[in-house]
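One chain follows as structure tokens, the form predicted alone.
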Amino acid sequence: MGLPNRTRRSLLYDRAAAGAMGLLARLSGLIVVVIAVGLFLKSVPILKNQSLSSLLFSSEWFPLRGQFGFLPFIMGSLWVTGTAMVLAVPLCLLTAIYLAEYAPLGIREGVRPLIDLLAGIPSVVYGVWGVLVVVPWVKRAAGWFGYSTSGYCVLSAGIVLAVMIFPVIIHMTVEILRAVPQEIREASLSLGATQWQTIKKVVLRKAFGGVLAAIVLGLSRAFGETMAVLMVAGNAVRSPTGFLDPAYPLPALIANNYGEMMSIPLYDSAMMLACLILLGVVLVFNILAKLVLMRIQKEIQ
């Protein structure tokens, strides 16, 4: 006996809807591939003219002479991102542990939305805050220790970036800590361990991979940030050697220069290569974080 026409039509609609959503999901994933291929094709002229190693490891940035060394910009990105991570990771971990393990429900539910709200603030607002507050403070604080700086430096950019990645790391870390089964905590406490010993030796060990993934995602967010960094980093084309030196990260280079001086041979191709490098680094960070999270999810299941 066959299915009624109404049921058959409903099944047909379900299959069509599932097929359409699957196609859209695949197309969304393909956008990344299309962008990467487009950037690579635009980068081919400069890659034919100069070797990749000379582009990545040369400090000579003189577009009018055809010299496009990205090392100062790569080092600027590493310095600024590293400073942001050093400042952000301890604060984020302690905040997440408090919210997940110690905070009463009222505080947890009240504070987390405020932290998440930080993710929605436009980066240009962070940049203005950095220029008006962080840069003068860094300049003054450096003077207390006998150092001289304009305030537009690695440290200022690192402080602004650290605040920007707070919600990414805190939100994910809290979710991961809360996902650790309660039975494990109770077993540890029943053996005589204190709450802090349980958190340190049981909960954090169990959630280590997920916490690491949250940090990697924060790193990815910091590495690709443009506007705020551009406004406070100083943008001097040289590799920084300290926290008070100016820096010129890759995203700031692209934002500052694309559209200008495009008449210079190979300049647009050099900008496209900078975009491709940035996309590649961020993509690798995200894939690593995703792989770790998938492994954690499998272990929990």
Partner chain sequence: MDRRRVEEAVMKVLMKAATLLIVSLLGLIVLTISVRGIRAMSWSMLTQTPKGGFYLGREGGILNAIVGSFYVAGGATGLAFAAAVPVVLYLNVFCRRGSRTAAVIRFLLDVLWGVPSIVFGAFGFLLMLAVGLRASLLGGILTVSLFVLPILCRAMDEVVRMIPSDLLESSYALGATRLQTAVRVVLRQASAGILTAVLIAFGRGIGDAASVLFTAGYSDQIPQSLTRPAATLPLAIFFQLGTPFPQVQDRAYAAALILTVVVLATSLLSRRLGRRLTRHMIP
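Model, not experiment: these values are computed from the prediction. Residue numbers count along the first chain shown, from 1. We call the rigid core the largest set of C-alpha positions that still match within 1.5 Å between the two forms.
Keep in mind the form predicted in complex with the partner chain is missing from the figure; the text below concerns it.
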Quiz prompt | Within 4.5 Å of the partner chain in the model of the complex, all of 150, 239 and 295 (non-hydrogen atom) | solution = no
Quiz prompt | Contact residue in the model of the complex, chosen from 142, 180, 211, 115 - any heavy atom within 4.5 Å of the partner chain | solution = 115
Exercise. Determine whether any heavy atom of residue 266 comes within 4.5 Å of a heavy atom of the partner chain in the model of the complex, and answer yes or no.
Key: no
Quiz item: Any chance residue 71 has a heavy atom within 4.5 Å of the partner chain in the model of the complex?
Solution: no
Quiz item: Is residue 28 close to the partner chain in the model of the complex, meaning a heavy atom pair under 4.5 Å apart or at it?
Solution: yes
Self-check item: Partner proximity in the model of the complex: residue 258 to the partner chain, non-hydrogen atom cutoff 4.5 Å
Solution: yes
Quiz item: For the stretch 153-179, which residues lie within 4.5 Å of the partner chain in the model of the complex by non-hydrogen atom distance?
Solution: 163, 166, 170
Quiz item: Rigid core fitted, then: does residue 28 show a CA shift of 2 angstroms or greater between the shown form and the other one?
Solution: yes
